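One chain comes next, on its own, written out as structure tokens in the form predicted alone.
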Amino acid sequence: MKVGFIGAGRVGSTAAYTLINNLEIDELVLVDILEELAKGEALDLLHASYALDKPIEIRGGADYSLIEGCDLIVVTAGVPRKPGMSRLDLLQKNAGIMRAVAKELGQRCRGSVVLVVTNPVDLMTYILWRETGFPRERVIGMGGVLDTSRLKSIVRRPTHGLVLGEHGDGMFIFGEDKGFEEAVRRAAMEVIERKGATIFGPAASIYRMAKAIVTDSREILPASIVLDGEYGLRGVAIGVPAKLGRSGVIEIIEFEEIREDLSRSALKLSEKLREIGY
């Protein structure tokens, strides 16, 4: 199993460490426009793998040839949010980055499953899918797992609620605890205002989704997926319950109860896609 990261910053490197600590991986690579950062993080992670008695091949650099042959690629590259910014404020800058990433992936990694983390994640997931031409089952956005984890941390008790829809202001809770929606929306910005960025929550959520894919567990998790008629929606990527496995999305789970909320959440995403030419 070979896993690649595009983006060797704080989220990418922390997620890479979490994966080598918890999953059986044969090879891990990191690609970043900052070549020395990618090489340094790779060397540090290599040392960690030996400290854990789980030595694997780990390399880093700026050359996209490193990601050839990856089974799973995690994309974290992009401009992060700053205090006072919404995820949608990142759209213009990160859309350009995502198109450049997609060009490389389309040429080199046509058999890979891609997990998109860059914000605004639903829009970046759609752009990467469109620009690579990959089957939609193999391009998955990470947002709902993190939002649902934040919900659990707020209610401080077991909950069956899932946070779905846009990974942003259009998110909504399916199931119990709907009264906590605004608190979930604010959760990330509280971290950003206090320490500058969210790191551990996203990294752990990447691990949850990567685990389902790498181990072919077919676990049902909230994930941003390009819809093609499900819930009556097309031409947009948005958070829905999905069964994940080695080939990516195995099945999209449809609940009639969320159709209206999902459609409302998708409207803003569709408008933003039109603004940038999709």
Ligand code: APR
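In this text the structure is predicted, and so the values were computed from the model without any measurement. We number the residues from 1 along the sequence you see.
Same protein, other form: the form predicted together with adenosine-5-diphosphoribose, not shown, and the subject of what follows.
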Inset, instruction - Using a 4.5 Å heavy atom cut-off, indicate which stretch of 213-221, 30-38, 244-252, 228-236 touches adenosine-5-diphosphoribose in the predicted bound form. - result: 30-38
Inset, instruction - Look up in the predicted bound form whether A204 has a non-hydrogen atom within 4.5 angstroms of adenosine-5-diphosphoribose, and give yes or no. - result: no
Legend entry - 4.5 angstroms heavy atom contact with adenosine-5-diphosphoribose in the predicted bound form for N94: yes
Legend entry - Interface membership of V79, adenosine-5-diphosphoribose in the predicted bound form, 4.5 Å heavy atom rule: yes
Legend entry - Proximity of V117 to adenosine-5-diphosphoribose in the predicted bound form, heavy atoms at 4.5 Å: yes
Legend entry - Contacts with adenosine-5-diphosphoribose in the predicted bound form - residues in 237-264 whose heavy atoms fall within 4.5 Å: none
